[in-house]
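Given as structure tokens, the chain that follows is alone and in the form predicted alone.
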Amino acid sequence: MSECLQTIHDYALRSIGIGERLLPRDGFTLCEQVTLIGSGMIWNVYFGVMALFTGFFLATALAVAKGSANPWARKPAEWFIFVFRGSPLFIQFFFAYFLFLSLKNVNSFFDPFTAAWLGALIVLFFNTAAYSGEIFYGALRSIPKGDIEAADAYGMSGWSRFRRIIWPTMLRLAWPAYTNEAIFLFHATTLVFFSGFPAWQQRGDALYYASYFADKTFNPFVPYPILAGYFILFTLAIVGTFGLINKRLNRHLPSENRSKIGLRFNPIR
């Protein structure tokens, strides 16, 4: 037990540059694998939370723009969503890295963009905004006309109508599908390991450490199940958190009419 506690002390924050610099070389214990893979999860959580939080606002803007009658707002939103939904995420990482690398050679301002903490985050931000924007757009089109007519009858218009009627209703209708997008985004953070973006101080994410142990021990059946276990736990946390938000959004509805949040398997993105 004391050895495991020492391992946790040495490696729990290694992925962000705190603790031992050198990885264990032999005699790998289960505690070391669980601790280091868990340390790498800090980056996966960072990418997932930051991309989802910032992408939420861009997704809302994209949905409104796509539903606009003004072609100068609608067409850019349509093409943005089409490009990022129509191309694989890994290819987006590839092109973004070489774009930022080219810009870095022109101006040193773009140095941070070639690192995973910013460059890969921007790609995930745009990608989830495109998918979420399409989800929100579908919800916007599904808003009952009676709700809007009631808002008009109360004299609401413009920003007031959007903030008090349209936006809350859109979120309520879109939230179950948006929860599924949040889960997928969190799982997609593992692709950062395969992208060209180097990790901050070369510490790596969860998949980096799992691959390290699999290569050193020639036994992938220990580190990868540990990695999967972490993702399952965090997926349950997402479902629980989004379920509470969904309950809040639907608090005015009868219990039998409230949409339920649960795991939804999506084999095709």
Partner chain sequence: MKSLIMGTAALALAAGMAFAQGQTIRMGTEGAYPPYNFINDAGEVDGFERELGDELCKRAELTCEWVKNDWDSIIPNLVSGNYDTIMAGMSITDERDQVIDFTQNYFPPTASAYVAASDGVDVLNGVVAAQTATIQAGHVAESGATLVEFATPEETIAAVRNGEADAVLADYDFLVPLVEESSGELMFVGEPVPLGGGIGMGLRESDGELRDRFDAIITEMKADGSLNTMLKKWFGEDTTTY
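Positions refer to the first chain, counted from 1. Keep in mind it's a predicted model, so treat the numbers as computed, not measured.
Just so it is clear, the following notes concern the form predicted together with the partner chain, a form of the same protein that is not shown.
Of the candidate stretches 240 to 248, 31 to 39, 214 to 222, 45 to 53, only 214 to 222 has residues with heavy atoms within 4.5 Å of the partner chain in the predicted complex. A single residue from the set 165, 118, 73, 199 has any heavy atom within 4.5 angstroms of the partner chain in the predicted complex; that residue is 199. When you look in the predicted complex, the only residue of 194, 154, 109, 159 with a non-hydrogen atom within 4.5 Å of the partner chain is 194. In the predicted complex, the partner chain sits within 4.5 Å of a heavy atom of residue 22. Using a 4.5 angstroms threshold between heavy atoms, residue 171 stays clear of the partner chain in the predicted complex.
By the criterion of a heavy atom within 4.5 Å, residue 101 is counted among the residues contacting the partner chain in the predicted complex. Using a 4.5 angstroms threshold between heavy atoms, residue 178 stays clear of the partner chain in the predicted complex. In the predicted complex, 114 is the single residue of 107 to 122 with at least one heavy atom within 4.5 Å of the partner chain.
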